[in-house]
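Here we start with a single chain on its own, the form predicted alone, put down as structure tokens.
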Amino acid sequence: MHRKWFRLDNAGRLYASVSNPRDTTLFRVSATLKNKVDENKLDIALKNMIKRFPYFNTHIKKGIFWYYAEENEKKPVPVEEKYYPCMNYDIIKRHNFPFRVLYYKKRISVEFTHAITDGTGALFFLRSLLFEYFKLMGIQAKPDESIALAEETASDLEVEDSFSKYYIKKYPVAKRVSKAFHFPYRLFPKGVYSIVTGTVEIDQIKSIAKDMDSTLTEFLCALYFKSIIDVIEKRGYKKRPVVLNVPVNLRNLYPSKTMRNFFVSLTPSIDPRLGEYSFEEILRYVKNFMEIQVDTKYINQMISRNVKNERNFILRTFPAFIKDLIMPWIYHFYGERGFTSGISNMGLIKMPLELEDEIEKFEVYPAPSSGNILKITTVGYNGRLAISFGKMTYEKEIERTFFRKLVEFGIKVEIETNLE
């Protein structure tokens, strides 16, 4: 029997090679409902929806030279959540899907590997799964363009490799950053991942950001910079540049409909060796940096660098098992070595009006990484913003400092964590 198969994009190939029990490459999108999840209805909804997403209805296989995604002959089954988020799942294991659907009490979660998609693709899938689930529960709603229906057929544009499409062959590549400050913290044992989520009112925090002539993302980045630098000064850590990895959804800059990875990482940097920085100074820098860098001229440089690395003749000739040995080193040396942490704003999620009262909140958790042991993701829904720290360490001083600074701005924060 001939099965469909799909090439992984250049980001996906890297993630497939570096995945391991600690750096699982899994990130989570989840919805907490107003009522307990009906696992039987969820199972039917998942089986109905997977036909609509052929590029997710796959398992990742190792070819001679690269990993690829092949049509999966099995059917996905939602599983009751028992372990730490984003852990205990082998994305390369035979017949394992590149995602899993979990449920726990009132929560439905989908964990995807970055080898197959990014946050935009994951949220498109989750919204669509929720729509089908509520339909089976007898709740009818009118879909919008952010939701796929089970009876639809996927567009070819959804499986497009947009990195390759918008790659300009002779474009100069972007320079890489040097070694950044890294948190000198002890790691959890393998398999443990902590999530700390602070929830705030969107209107309140956006109003403060607007008063400071900044966007919400710029405000949060500046606050995170200030929190890290203050901890460095307080604890007397060895100073190096503090560099944030800020993913940018390229679908906002290019006419792409892909559900595969299509983002690049901007790297604003503050060097505490140059002296003290006020919050206002940092915010001004972040604002100017983002205004300059979120431009197709600079973004094209980053796309060019990523695609050229993949198309490097010497690297392409190595068999996959050799790439599995060298890609983690490349990922660390040219990637995570240059970042202190990451912060990703997934924006505002909207659901059909008929379903808004059925869903309490959405959350997004970053993929665990032993190279960047602390990351932030944010997502807004129904007037509330969930700010989630994903971390692989016992230390709590960074998130405590960050949330304390939010409170100093007069912002009320509600804190939840999965690990006391």
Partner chain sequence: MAYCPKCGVKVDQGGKNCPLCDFPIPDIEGEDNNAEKPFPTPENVYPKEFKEIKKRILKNITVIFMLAILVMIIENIYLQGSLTWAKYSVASTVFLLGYITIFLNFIPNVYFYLVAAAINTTVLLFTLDMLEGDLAWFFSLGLPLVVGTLIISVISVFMYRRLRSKILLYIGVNMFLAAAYFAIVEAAVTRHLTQKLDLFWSYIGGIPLVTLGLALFYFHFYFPAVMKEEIKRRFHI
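Positions refer to the first chain, counted from 1. Everything numeric here is computed off the predicted structure, so don't read it as measured data.
One more form of this protein, predicted in complex with the partner chain, exists but is not displayed; see below.
Although the partner is absent here, N88 lies within 4.5 Å of the partner chain in the predicted bound form, judged by heavy atoms. The shortest heavy atom separation between E158 and the partner chain in the predicted bound form exceeds 4.5 Å.
Within 4.5 Å of any heavy atom of the partner chain in the predicted bound form lies no heavy atom of Y381. At the 4.5 Å threshold, heavy atoms of D23 stay clear of the partner chain in the predicted bound form, well away from it.
With the partner omitted here, the residue from R305, K350, R107, K135 that has a non-hydrogen atom within 4.5 angstroms of the partner chain in the predicted bound form is R107. For the candidate set E71, D271, E281, E81, a heavy atom within 4.5 Å of the partner chain in the predicted bound form is found for exactly one residue, namely E81.
Stretch 186 to 194 is the answer when you ask which of 235 to 243, 186 to 194, 336 to 344, 113 to 121 has residues with heavy atoms within 4.5 Å of the partner chain in the predicted bound form. Heavy atoms closer than or equal to 4.5 Å to the partner chain in the predicted bound form belong, across 390 to 405, to the residues K396, E399, R400, F403, R404, ordered by sequence position.
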